[in-house]
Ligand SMILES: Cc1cc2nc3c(=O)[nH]c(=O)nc-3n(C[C@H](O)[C@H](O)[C@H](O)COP(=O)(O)OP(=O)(O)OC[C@H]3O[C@@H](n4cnc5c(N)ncnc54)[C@H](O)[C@@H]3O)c2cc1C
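Have a look below at one chain only, the form predicted alone, in structure tokens format.
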């Protein structure tokens, strides 16, 4: 077993891991980043809907065992693994949480606000300040102006206005204007796909490239096995090379977990940490897509149109349920093979033929933190000899109520736009997973303190979405990014 020593080792290269690693390297920390995936290929296959969405080109080696929707059995599900994590597949939506969303957090919106601004700058967000009717304070301007609406987006935007709503352009972390890098081609393979030309401002294309040039050591194909401990401190990380299956260890003065809300708690459990809330309070949003079939081709030019968002309903049920409702966003329509795959038997042929007449709206609803929704270790092992990650999740009645409330609102917009027939698709992805190592005021309430440091080890930090006590009603990516910058500042101050 080889060994090397670092000022910091970061496990995971998504929004949290990449940004905290960049900050530490820039502060002079000798830093290594471990990522179990490989670099995205950035070729034609990355824009092939069947390759990415059906064949799962980047599926990992180890399955997740998932039990949900009242099932008695665990199903084997394979997550994507790639340098940059979920940032490589997300659609660029970069929305802040609102001040009321922090009611159960150990710090306030104002504590995170300056880091939101920094994250927007680093991620090159294009947006229109002041247009969001529930915009939080501090958004004076975005780094770049929002682009003009494409025809499909304009249809939704103008319909929303006709219904008395206040649609606005989604703040997007996509390169529409910086000519020093590849510019967005305005295609429809963004949400759910690696960007072949690297115009999406994912962590691999931007932050990690810069950090690597500044001295960050990125070790790919590194499957984190356990944290090394001694006398209440973390001493480093042991990992397995996914190709050679050999074990290695990196010694470090500090370790930052950023393997995601499923991976980070599992790594802590494999390492023997026994805080009773590790893995508890898993959230993933309660999401669904409303699809309408129109009597005309909705996007004949096949242009980018994930541009419109509605927050009009964000606060509608907070006084009653104690949470936000969420947002409605425009989203692309998949290719016919993908639509047929997800359509009930008997309707597949017709659905494929009508794919060009569809337009969809995505509904992102807040879900409640419930202790019974959790991540644990299974009794069986994977190809690396490590216990498989086991996930148990059920939505509450109120979770579904918020989602259905948004879907009804989205349906009205689509019908007013000219849609004739409606279909609802419920999303069971864990791409928005948060909450399994929640930060809190006390060790009894959560696993981490307000600085996202583990209560039981002064040099173990968490920088992914697992720190979030509640999920809010927007994509968590920008919040994870902002918090990673906040955590990095705390770590630098300990030197």
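Positions refer to the first chain, counted from 1. Note that this is a predicted model, so its numbers are computed, not measured.
The same protein also exists as the form predicted together with this ligand; that form is not shown, yet it is the one meant from here on.
By the 4.5 Å heavy atom rule, the three marked residues 206, 453 and 488 all fail to count as contacting this ligand in the predicted bound form. Using a 4.5 Å cutoff between non-hydrogen atoms, residue 483 does not count as a contact of this ligand in the predicted bound form. This ligand is not shown here, but in the predicted bound form it comes within 4.5 Å of a heavy atom of residue 192.
Using a 4.5 Å cutoff between non-hydrogen atoms, residue 419 does not count as a contact of this ligand in the predicted bound form.
Heavy atoms of residue 438 never reach within 4.5 Å of this ligand in the predicted bound form, leaving it off the interface. Annotated contact segment (heavy atom within 4.5 Å of this ligand in the predicted bound form): 457-465, selected among 64-72, 439-447, 457-465, 22-30.
Among the residues 119, 224, 250, 391, the one placing a heavy atom within 4.5 Å of this ligand in the predicted bound form is 224.
The single contact residue among 152, 260, 167, 279, judged by any heavy atom lying within 4.5 Å of this ligand in the predicted bound form, is 260. Contacts between 425-440 and this ligand, taken as any heavy atom within 4.5 Å in the predicted bound form, involve 431, 432.
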